[in-house]
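Have a look below at one chain only, the form predicted alone, in structure tokens format.
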């Protein structure tokens, strides 16, 4: 019989403390931002009102946290219950990613003290794409808390509450599929709203929502493979490679669809020649496509999919590919017009690294103290 167990072990290990140093530095600059204002720590300007914080926290961070979303499709929509052992760690990673992304959205705001307005319907701007993104992210964080709560209830022995939750959990699982689909597609719509400022190689207009959802699913499956592989190496237990290999096959299909769609769209829009222009945009496009094609080639082979090391390499490449796609579209090749330039300050970079460190530290604490990772009776 399969169960979830806490891994136990020391929390304050050397890697944990090194991450803590990075987190403290990041928190220092976050406090400085709140006290002295955005201009004291960020290099954003009128042409680049969104710097690395928004692009990583909201655009990329939420996609990296789509493991729970991807597995919700696999387990509940397609009724593949054998993948259920992977759900709880994926939900934990999604919860941490979305929660920190939501927090990041607050300190990304110019007038952060007015964040409560998103909770007041009378103040909503229904012409804003970001309204839908903000509402969906906020609701999805609540849904993730509820979906992950069985781990906490098991920890404290609340069997009665677990039985009650089991009866209504299907509703929150459905929301857990709907909400990410909505806000990921809306992030694609945001690129449509940016119009000519988005480089032609990434401005696919009406196809943006579809590409955003597909890339989020690719990153979701890749983070599940990445996380499960590292957890097995770090904490031991039963290898999940047979399950991960099939997820890799699904991710391969999505990558083929994604790459084919990008090329077909460029051909139909008469932009295919831009790939061979030899400028910065074309180089970044080729690099991005290479990062998608490499793992697809690895995962085409059944033998490679059964190799844990190759699966991990493919997962890392998929993560970089998805992140680069979004960095390219929203920041690296973004052109607001003449007179504007942007490069993140040291404080912006440290805040971003600090958030990543906090997320990893929180994950380690939870898996060591709560029943999250799958264990067989023989493990």
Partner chain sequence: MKRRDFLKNSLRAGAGVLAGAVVAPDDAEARPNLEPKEGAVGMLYDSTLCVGCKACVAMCKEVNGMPPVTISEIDAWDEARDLSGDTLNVIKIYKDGAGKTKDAEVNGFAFEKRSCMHCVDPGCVSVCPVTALTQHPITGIVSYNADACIGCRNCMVGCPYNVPQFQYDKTFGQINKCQMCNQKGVERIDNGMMTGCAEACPTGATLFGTRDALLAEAKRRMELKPGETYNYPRGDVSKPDSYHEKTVPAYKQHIWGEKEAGGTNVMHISSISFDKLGMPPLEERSAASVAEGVQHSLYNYLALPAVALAGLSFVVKRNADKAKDQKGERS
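Positions refer to the first chain, counted from 1. In this text, all values refer to a predicted model and were calculated from it rather than measured experimentally.
From this point on, the text means the form predicted together with its partner chain, which you will not see here.
- Put simply, of 178, 294, 141, 275 only one has a heavy atom within 4.5 Å of its partner chain in the predicted bound form, and it is 178.
- The putative spot formed by 28, 150 and 284 is not touched by its partner chain in the predicted bound form; no residue has a non-hydrogen atom within 4.5 angstroms of it.
- Comment: 208-216 is the region of 89-97, 286-294, 208-216, 153-161 lying near its partner chain in the predicted bound form, near meaning a non-hydrogen atom within 4.5 Å.
- Mapping the unseen interface onto this chain, residue 108 counts among the residues with a heavy atom inside 4.5 Å of its partner chain in the predicted bound form.
- Interface residue remark: residue 166 is counted as part of the site for its partner chain in the predicted bound form, having a heavy atom within 4.5 Å.
- Mapping the unseen interface onto this chain, residue 195 counts among the residues with a heavy atom inside 4.5 Å of its partner chain in the predicted bound form.
- The closest heavy atom approach of residue 171 to its partner chain in the predicted bound form falls within 4.5 Å.
- Residues 123, 124, 125, 126, 127, 128, 129, 130, 131, 132 are the ones in 123-137 with at least one heavy atom within 4.5 Å of its partner chain in the predicted bound form, listed in sequence order.
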